[in-house]
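Form predicted on its own, single chain, as structure tokens, below.
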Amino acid sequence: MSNEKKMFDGGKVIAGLIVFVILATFPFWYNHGKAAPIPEPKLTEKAKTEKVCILKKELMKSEHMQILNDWRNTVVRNTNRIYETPEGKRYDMSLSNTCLDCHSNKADFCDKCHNYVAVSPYCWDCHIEKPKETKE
């Protein structure tokens, strides 16, 4: 009789494992193939005209937050406001006046990707969305 009980309990264990595996993997197979496409930021006409950012597109996509952090630290701690590219071109280290001068469409350029990867950068806590006008 104890052998029959052991086999009966084995069936419950197997059934329980099958139910667990189905429930644990449900989000993966249910959403398979339904991922949203990676958004492509829209450039403004000025950015299209310039045809070049401070660094190559691939590097800007992957490293822009580190670059902005480095700029912030350099400006605040060293009072150096000029960034020189490896090609020798010089830019003002300013999110508002340099980056947003070409990429002024925050909703189509910044927000699309940040929303896709579910990050909330704190840049906008201090910086305005439209670039400041400079007197020349």
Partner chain sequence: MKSSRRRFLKIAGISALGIGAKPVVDLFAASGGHREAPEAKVYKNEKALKAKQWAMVIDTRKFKSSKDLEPIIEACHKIHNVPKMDNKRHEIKWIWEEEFHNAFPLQEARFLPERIEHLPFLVLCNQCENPPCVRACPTKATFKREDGIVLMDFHRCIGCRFCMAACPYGSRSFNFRDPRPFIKETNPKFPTRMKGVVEKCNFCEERLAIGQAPACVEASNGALIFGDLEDPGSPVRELLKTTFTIRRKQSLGTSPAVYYII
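Residue numbers count along the first chain shown, from 1. Computed from a predicted model, the values in this text were never measured in an experiment.
The form predicted together with its partner chain exists for this protein as well; it is not shown, and the discussion that follows is about that form.
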Is Met93 close enough to touch its partner chain in the predicted bound form, meaning at least one heavy atom pair within 4.5 Å? yes
Given that the partner is absent here, does Thr49 sit within 4.5 Å of its partner chain in the predicted bound form, heavy atoms only? no
Just to confirm, Phe109 within 4.5 Å of its partner chain in the predicted bound form by heavy atoms? no
If we define contact as a non-hydrogen atom of the residue within 4.5 angstroms of the partner, is Cys126 a contact of its partner chain in the predicted bound form? yes
If you apply a 4.5 angstroms heavy atom cut-off, which residues in 77-115 are near its partner chain in the predicted bound form? Arg77, Asn78, Thr79, Asn80, Arg81, Ile82, Tyr83, Glu84, Pro86, Arg90, Met93, Ser96, Asn97
